[in-house]
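One chain comes next, on its own, written out as structure tokens in the form predicted alone.
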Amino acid sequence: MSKQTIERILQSQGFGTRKWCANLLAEGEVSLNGEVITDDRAKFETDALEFSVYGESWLYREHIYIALNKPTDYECSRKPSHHPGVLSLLPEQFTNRDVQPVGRLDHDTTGLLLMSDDGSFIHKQSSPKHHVPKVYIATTHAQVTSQLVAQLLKGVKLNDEPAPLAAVLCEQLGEHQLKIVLEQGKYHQVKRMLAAADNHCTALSRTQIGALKLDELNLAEGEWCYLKANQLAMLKPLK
């Protein structure tokens, strides 16, 4: 990373337009190492740069990688229509720097949701070509049977798919609950597969992507965290 003006640094981190960031500086709202910075042309190395805006500390990040424990009744959309959007659970400047969900969870589906402003990362994680497994816990209306599990493992035909879709792994957890692992990430896939197998999904939660497990992140519903390098490395196909 190279030196950038503090004005450009603030803009790149989502704190507003260049004019707005210049005003933040002029008003004495930005500081580094306890020193108020007012010169918008002052340059700093961005590597490991920490700064404060309105007294809140921030670390410069070229890209943002986030894990969110999505609650129910939130839409994975930048322009939600019937429910609040998941971006409303994040700091406002993340929206300014175009952070967006990696794939989508239905408004009534909970659990692990990745978010980023890195287009390459979003594409790689969303594309079924990369075979990143995703683990779901589904609650069913009708009782889970060994026949249902076998059917989901063998594959079920969905109306708009040319070939049957099968679970990578499927196991019964309870009388009305099962764990299902998918790699394709098709629209409403778990719900549609259960419907095609003559059952109905009444609740759904994603608990794992690759080797990254939601319960190991210790996030309450609605909470988020930055992903570290070792956690990002977990988001790949399992051998």
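Treat the numbers as computed from the prediction; the structure is a model and nothing was measured. Residue positions are given as counts along the sequence shown, with the first one as 1.
Below: the form predicted in complex with ligand URA, not depicted.
**Student:** Every residue in I6, I9 and T46 with a non-hydrogen atom within 4.5 Å of ligand URA in the predicted bound form?
**Tutor:** Spot residues vs ligand URA: no contact at all.
**Student:** Could you spot which one of I37, C170, A196, L204 gets a heavy atom to within 4.5 Å of ligand URA in the predicted bound form?
**Tutor:** Only one listed residue qualifies here, and that residue is L204.
**Student:** Which residue, Q125, T140, T109, Q93, is the contact with ligand URA in the predicted bound form, using a 4.5 Å heavy atom cutoff?
**Tutor:** Selected option: T109.
**Student:** Could you tell me which of 208-216, 53-61, 29-37, 185-193 sits within 4.5 Å of ligand URA in the predicted bound form, going by non-hydrogen atoms?
**Tutor:** One stretch meets the cut-off, namely 185-193.
**Student:** My question is simply whether L105 lines the interface with ligand URA in the predicted bound form - judged by any non-hydrogen atom within 4.5 Å.
**Tutor:** Heavy-atom contact with ligand URA at 4.5 Å: present for L105.
**Student:** May I ask you to state whether Y74 is within 4.5 Å of ligand URA in the predicted bound form, using heavy atom distances?
**Tutor:** Judged by the heavy-atom cut-off of 4.5 Å, Y74 is well away from ligand URA in the predicted bound form.
**Student:** For the heavy atom contacts within 4.5 Å of ligand URA in the predicted bound form, list the residues of 129-149 involved, in sequence order.
**Tutor:** Residue within 4.5 Å: Y136 only.
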